[in-house]
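Take a look at this single chain, the form predicted on its own, given in structure tokens.
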Amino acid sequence: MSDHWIAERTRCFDASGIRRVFELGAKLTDRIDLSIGQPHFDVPEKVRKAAIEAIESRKNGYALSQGMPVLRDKLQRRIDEQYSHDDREVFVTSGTSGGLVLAMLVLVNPGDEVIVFDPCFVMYDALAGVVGGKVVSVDTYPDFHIDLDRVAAAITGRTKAIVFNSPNNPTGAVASREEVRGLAELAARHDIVLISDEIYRDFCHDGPFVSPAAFNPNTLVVDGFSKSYGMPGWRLGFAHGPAAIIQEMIKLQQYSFVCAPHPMQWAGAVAMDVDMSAQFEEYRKKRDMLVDGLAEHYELPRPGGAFYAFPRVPWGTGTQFVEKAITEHQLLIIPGNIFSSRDTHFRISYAAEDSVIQRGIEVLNQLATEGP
């Protein structure tokens, strides 16, 4: 095969470093896994049964590209009740990631600038690069909150979009109402698309979730069922925003993902009526266990949501620290430079049993005191 067969767009990013951690972890016999970004609880029984019933009743063909009415109409009613926007439409995507792919393809031209916050989910930089956009990073260290003056300073005549994620992966930070409103109004003032990734919206530990769509009706929201209902493998997401954007995303979905998995849409409609508050409360307690357990040895802003913490390493670089944690202590965590331009932190996922979290705390405190 000739090298020139491979398109240049594949060279704008590397394979996710998270995969390397998973590969290392697969070789361990007694690993302590605090790495993976998915809930440790299973899909609720009622939802599993709905998926099985959909499959058994032959709902296995193509779905409508915009989503089946059983789910799409239900989502539209809920979104209308929440925002009362005259021009806000919803459609069903093949996962939240699928929604992000379509958003970038629809919105960003080659040379357009896309503002992201450092640190951020690995996909934002990669997707902006794939469509030819230029990534502009706005630093959020040390507390991982948004400085609106920094955002304003990053805006140029080429800025097309801002990608926002709260609660945040990898830091667990939850933007305050003032931050969210300020960012939404800033985007509106400069006629910039604000893309709000709200996949962790149900995991707000200390107060209600606030969406920028409450303050800026042109906000494009990408969301999904993966985290809230423990179904990341079902690839069921949705996006809502101005009708003109949504219609173009649906058009592109026809020529790419085609549709979200058909039987899972029937199950998703059932999931919308399932109370998951007990699971969300359990994650708040896990957050407290982890943060309190590391308080003596780690610089760690208390995460307000999601199921991640992003401590500063007590010695060395994030890469060095994580390498020792994995190879010498079988503790799987993720180096911070996968999400950031800095190599000073690491990500912990506390989506795990309490006993696993406690083992992780013990190893991390041991690592802090014994050094490199």
Ligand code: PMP
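This one's a predicted model, so the numbers in the text were calculated from it and none came from an experiment. All residue numbers refer to positions in the sequence shown, first residue = 1.
The discussion below concerns the form predicted together with the named molecule, not included here.
**Student:** Heavy atom within 4.5 Å of the named molecule in the model of the complex: which of Asn169, Gln253, Gln265, Thr219?
**Tutor:** When the named molecule is considered in the model of the complex, the option within 4.5 Å is Asn169.
**Student:** Considering non-hydrogen atoms and a 4.5 Å limit, which listed residue (Ser228, Thr140, Ser97, Thr159) is close to the named molecule in the model of the complex?
**Tutor:** Selected residue: Ser97.
**Student:** Does each of Phe121, Tyr124 and Asp197 have at least one heavy atom within 4.5 Å of the named molecule in the model of the complex?
**Tutor:** Checking in the model of the complex: Phe121, Tyr124 and Asp197 are all within 4.5 Å of the named molecule.
**Student:** Choose from 211-219, 143-151, 245-253, 161-169 the stretch whose residues reach within 4.5 Å of the named molecule in the model of the complex, heavy atoms counted.
**Tutor:** That would be 161-169.
**Student:** Is there a heavy atom of His205 lying 4.5 Å or less from a heavy atom of the named molecule in the model of the complex?
**Tutor:** No.
**Student:** Taking the named molecule as it sits in the model of the complex, is Arg235 in contact with it (heavy atom to heavy atom, 4.5 Å or less)?
**Tutor:** Yes.
**Student:** Is Gly37 close to the named molecule in the model of the complex, meaning a heavy atom pair under 4.5 Å apart or at it?
**Tutor:** Flag for Gly37 set to yes.
**Student:** If you apply a 4.5 angstroms heavy atom cut-off, which residues in 267-299 are near the named molecule in the model of the complex?
**Tutor:** If the 4.5 Å heavy-atom criterion is applied to the named molecule in the model of the complex, 267-299 yields nothing.
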